[in-house]
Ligand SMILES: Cc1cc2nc3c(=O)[nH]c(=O)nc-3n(C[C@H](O)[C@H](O)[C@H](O)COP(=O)(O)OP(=O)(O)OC[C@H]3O[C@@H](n4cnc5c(N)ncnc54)[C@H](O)[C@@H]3O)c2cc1C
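Below you'll find only one chain, the form predicted alone, shown as structure tokens.
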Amino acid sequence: MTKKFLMVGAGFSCAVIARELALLGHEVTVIDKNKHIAGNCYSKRDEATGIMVHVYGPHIFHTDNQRVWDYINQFATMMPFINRVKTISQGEVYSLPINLHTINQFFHKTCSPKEAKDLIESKADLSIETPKTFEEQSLRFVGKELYEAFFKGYTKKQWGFEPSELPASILKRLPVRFNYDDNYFNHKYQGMPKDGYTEIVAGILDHPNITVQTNQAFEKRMQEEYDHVFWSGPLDAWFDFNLGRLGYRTLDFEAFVDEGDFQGNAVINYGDESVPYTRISEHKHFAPWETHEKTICYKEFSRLCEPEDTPYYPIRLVKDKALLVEYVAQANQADKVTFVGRLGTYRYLDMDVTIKEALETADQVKLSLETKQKLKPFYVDMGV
């Protein structure tokens, strides 16, 4: 039996689910309050330079998931791209993640891998047995000098809190490599779409059973016109913030055009707290197969998200997690709606995880329709 589905948001989450349901013959409408599709992955050619710009900040595709990689390659020509991040700290330029070159440069040494391990262990604060905060985690694994050079100032700017107030979980693993590998990611598949991310989402949405309406905000009356709604907006917004607002960080970008090559690299972080921005991205370097006489760069500033701002990533501190528990309980009682994506599930998600979860959500929806079971509000583990 054909059903009518409404997807709120035209980013990867809703686009992927929309296509999978459209392939089954269902009627799908995708709406987005923005004038464009692709959500925060939206990319477009800059008129002044001809450079493909990541409008909402850099997006580099990386994954170990074969299904996701095969899926994305149906809709784009993926070009090889390795993200090699640099950071400027205390007047010096270093490679990130911290690797053997970074260690030797910072400490003015010529250490072998074993000697570097011994050096870092000698710097680590071993008195911290069970790190509870970001600061303790950093001090425990890399010591005071590297923490202050590469993590302290950047983290304060990025999150708006002292590292001593942030949970240790933000720094999930030892951020050190004892070799000269400066590839920012460890994933098997890494790349950049030749013609930008907007083309990928447009390809996913290109199906006769899918209708796309941009510049169209969701109105609650719409829910009655469809069998089910998939919501990729903020979780708390669905409930009109009736329990209060969940905390998000947002980003501001200061764009500038220059001649030639401004910084010689796609991304350079600024670790010093005295520099107000967290990083500068130079977008021509995201497409090294292209040639441009001019260049366009984005300075990136992080701040607390206000009601009218675009939310980028959840803060998820103690009070936010407590509020999230209440919203999840409320969501589990909601009817005819499923919450998906970064905003709908209040989690930081990379693109590959977003696509993976969207495909898995579509799998579960198919199963529910076949077995005539009620669709769930969440198809991911929302244990908080």
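Values in this document were obtained by computation on a predicted structure and should not be read as measured data. Start at 1 with the first residue shown and count on from there.
This next part talks about the form predicted in complex with the ligand, which is not shown.
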Do residue 232 and the ligand come within 4.5 Å of each other in the model of the complex, heavy atoms counted? yes
>> So, residue 8 and the ligand: in the model of the complex, are they within 4.5 Å at any heavy atom pair?
In response: yes
Please tell me whether any heavy atom belonging to residue 268 falls inside 4.5 Å of a heavy atom of the ligand, as the geometry stands in the model of the complex. no
(Q) Taking the ligand as it sits in the model of the complex, is residue 43 near enough to touch it, meaning that at least one heavy atom pair lies within 4.5 angstroms? (A) no
Partner-free chain; cross-checking the ligand in the model of the complex, the single residue of 159, 312, 277, 141 with a heavy atom within 4.5 Å is 312
Assert contact residue (the ligand, in the model of the complex, non-hydrogen atom within 4.5 Å, options 356, 316, 59, 26) equals 59
TL;DR on 318-326, 45-53, 65-73, 344-352: the one with heavy atoms within 4.5 Å of the ligand in the model of the complex is 344-352
Residues in 27-48 that come within 4.5 Å of the ligand in the model of the complex by at least one heavy atom, in order, are 31, 32, 33, 34, 38, 39, 40, 41
